[in-house]
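So this first bit is one chain, no partners, the form predicted alone, shown in structure tokens.
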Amino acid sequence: MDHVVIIGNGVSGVTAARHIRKLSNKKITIISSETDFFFSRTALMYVYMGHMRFKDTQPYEPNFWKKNNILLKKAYVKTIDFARKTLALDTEESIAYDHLILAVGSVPNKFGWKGQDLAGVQGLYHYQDLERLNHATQRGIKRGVIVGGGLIGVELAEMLHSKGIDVSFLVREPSFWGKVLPTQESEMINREILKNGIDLRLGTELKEIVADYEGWVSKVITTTGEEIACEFVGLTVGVSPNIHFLKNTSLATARGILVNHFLECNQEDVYAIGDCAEFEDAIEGRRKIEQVWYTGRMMGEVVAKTICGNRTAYTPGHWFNSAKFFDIEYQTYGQVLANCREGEMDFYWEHKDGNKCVHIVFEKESKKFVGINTFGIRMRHHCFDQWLNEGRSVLHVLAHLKDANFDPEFYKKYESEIIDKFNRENGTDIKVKKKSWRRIIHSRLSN
């Protein structure tokens, strides 16, 4: 019987295992040194904040794995012999495989700062990071300093803030997430961070982290020479593929594990998926490495088909993502870059309360819809995905914007206000289309 070994029990590896089991009776082993069972990594912040228990982040009961004949092994893979198709574990065991899936995830970036390995200095990615953060909190944190202006950074700021801890947030760029978000949205998030009492330091870089007499962090020094006393430092300047143990092997790597569009590596019957995978040739409109939950899940589904005899290329479709900045929810569908590309133009609407907005990008000549950012208004993914696939115009999207609204029934709706502003600015006469019962039923069934 074919033996499929999966290294990593995150969303990519577990999705692959589940779909291989649906498609076959192959022997499946998942190896991970992080936790006994799969958990929702994005929920770690809510465990720290007291909104959930850790066991609540596990979507499957403990007997799920035995019931579905998936063997879980808690161990660390020391070496891989690709010629003999064997793995050596830190438990002194050796495991043979017929197919190997590398779903080994990421590690937080470090850039050689003095003091970056001190006690009280960490990233936020693994379960062990949550344990270390809990230990630091119990020890006592009066002020935490967060370095890096991305999604993990703002999550960590909210986590510390929820415990009444003062937070200084060092962002190298002149505006938060300014390389990703257009100026209007970036400035909105700046205001939201400040409104929540966070000491946001834009255009500020870390130079050094200084220890106290016990070897615990006591302060940071910025590149301008300013000193900030603190008992905790969160390094949230992105993540990198977790491939250090594969660097001196015959496996082809660059920043990540190199794969083709079928997620196949240069070694026979070896695949890489999720955060650690790097495409040799980028898929049009996508990055070579995409460290996002939903892309990892999609890769797991695709590689399962290939291993079960239906060789399938990874085709991620249109970009989408979501996040939360304190009280503002964010969604993006299609391509809304920090700056419009040549031949594109944009439309921006912001509510007077300053925490809701819609930003739409479309082609200048054809008016073809390119993408949308929404902040503070929930939208349905399937609507925008369909409109992008159909090549709909921005006029069609706005006229049917009510169909995409996913806010609860008694939430105020803003479609008329949005369309009125677009009409005034563009000399159009778009009318809001009323929902048909057919569209309402389809929408509810789809969600």
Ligand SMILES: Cc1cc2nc3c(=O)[nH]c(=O)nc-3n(C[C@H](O)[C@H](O)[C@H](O)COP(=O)(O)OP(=O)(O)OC[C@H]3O[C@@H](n4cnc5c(N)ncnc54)[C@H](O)[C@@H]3O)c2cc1C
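It should be emphasised that the depicted structure is a prediction, and the values quoted were computed from it without experimental measurement. From 1 onward, residues are counted along the sequence shown.
The same protein also exists as the form predicted together with the ligand; that form is not shown, yet it is the one meant from here on.
At the 4.5 Å threshold, heavy atoms of residue 125 reach the ligand in the predicted bound form.
Contact check for residue 11: a non-hydrogen atom falls within 4.5 Å of the ligand in the predicted bound form. Using a 4.5 Å cutoff between non-hydrogen atoms, residue 5 does not count as a contact of the ligand in the predicted bound form. Remark: residue 300 does not count among the residues lining the ligand in the predicted bound form, judged by a heavy atom distance of 4.5 Å or less.
Looking at 217-225, 287-295, 195-203, 113-121, the stretch with residues near the ligand in the predicted bound form, meaning non-hydrogen atoms within 4.5 angstroms, turns out to be 287-295. Relative to the ligand in the predicted bound form, residues 186, 332 and 356 are all farther than 4.5 Å at every heavy atom.
A single residue from the set 386, 58, 416, 42 has any heavy atom within 4.5 angstroms of the ligand in the predicted bound form; that residue is 42.
A single residue from the set 152, 130, 209, 370 has any heavy atom within 4.5 angstroms of the ligand in the predicted bound form; that residue is 152. Scanning 231-251 for heavy atoms within 4.5 Å of the ligand in the predicted bound form gives 242, 245 in sequence order.
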